[in-house]
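Only one chain is given next, in C-alpha cells, and it is the form predicted alone.
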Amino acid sequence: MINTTRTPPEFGDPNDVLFSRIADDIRTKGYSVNPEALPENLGEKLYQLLGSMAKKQAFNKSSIGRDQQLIQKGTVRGDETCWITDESAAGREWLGWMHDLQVFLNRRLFLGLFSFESHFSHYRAGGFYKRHLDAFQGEDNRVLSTVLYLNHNWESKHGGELILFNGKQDLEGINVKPNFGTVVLFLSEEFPHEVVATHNDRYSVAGWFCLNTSTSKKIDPPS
C-alpha cells in the first residue's frame, strides 16, 4: 500500500473534496468507490458522446493483450470498446477532469502518474468479463485503474456488477453496482476484478493512469 503523510484537502476547487476522498481511500485501502460522484453535466455529455459514437459504429470487439499479442476471446470477455480522444468537446472535458485528478493524486500521494488513457465499454445482454488484472504481464506502466458508469435507472435484476477482489486470496470481493456517475479507482496490480453477466445493455468508461516507461525504442505519450 501507499504510505504518505495525510494533509488537509484544499477546497479552492469544487472537485477537491471528491479528489481528497479518493486520495485518502487509495492511500489507506488501495481502492475507492464513489457512488454517483461525477459532475452530472459531464456525465450527460459523455453519455451523449457515447450515443453518437455508437451511431457511427465506432465500437470494436474487445481483445486481450497488447500490440502484436492482441487476441479476441469471447470466453473471457464480451464487451465492445471505443477509445476516447480530445477530438470532441466532451472527450476534452473528460480528459481534462481526469488530468486534474492526476495532478491532485501526484501531489498528494507521489504516485508519478504520467499519462491517462480511457475508452467507452459496452456490454450487451449476456456480456461479462472474467476475473483478471489490468496490469499487463511483463509491464509495469498501468498503476491506477478507473471505471465510470453511465447507466441510468440501473436495477439489481439487470446484473452487470463489478466485483473487486482485495488480492489473489479474496474469493468474495466487493460488489459495485454500475449506477450512472459512480466512479471507481483501484491499484491495477493489486486488485483482480470481474464483471458478472449483464442482462441489459451496460455502459462504462474504463481508464488507466500510467507511469512513464519510455525506452530508446518506445516513447510513452504524455498526458
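None of the values given here were measured: they were computed from a predicted structure. Residue numbers run from 1 along the displayed sequence.
What comes next is about the form predicted together with a small molecule, which does not appear here.
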Tyr123, heavy atom within 4.5 angstroms of the small molecule in the model of the complex = yes
So in the model of the complex, does Phe128 come within 4.5 Å of the small molecule, heavy atom to heavy atom?
-> no
Any of the heavy atoms of Trp208 lying within 4.5 Å of the small molecule in the model of the complex?
-> yes
4.5 Å heavy atom contact, His132 and the small molecule in the model of the complex = yes
Which one, Ile26, Leu38, Val195, Leu46, lies within 4.5 Å of the small molecule in the model of the complex by heavy atoms?
-> Val195
Segment assignment from 145-153, 82-90, 109-117, 95-103: heavy atom within 4.5 Å of the small molecule in the model of the complex = 145-153
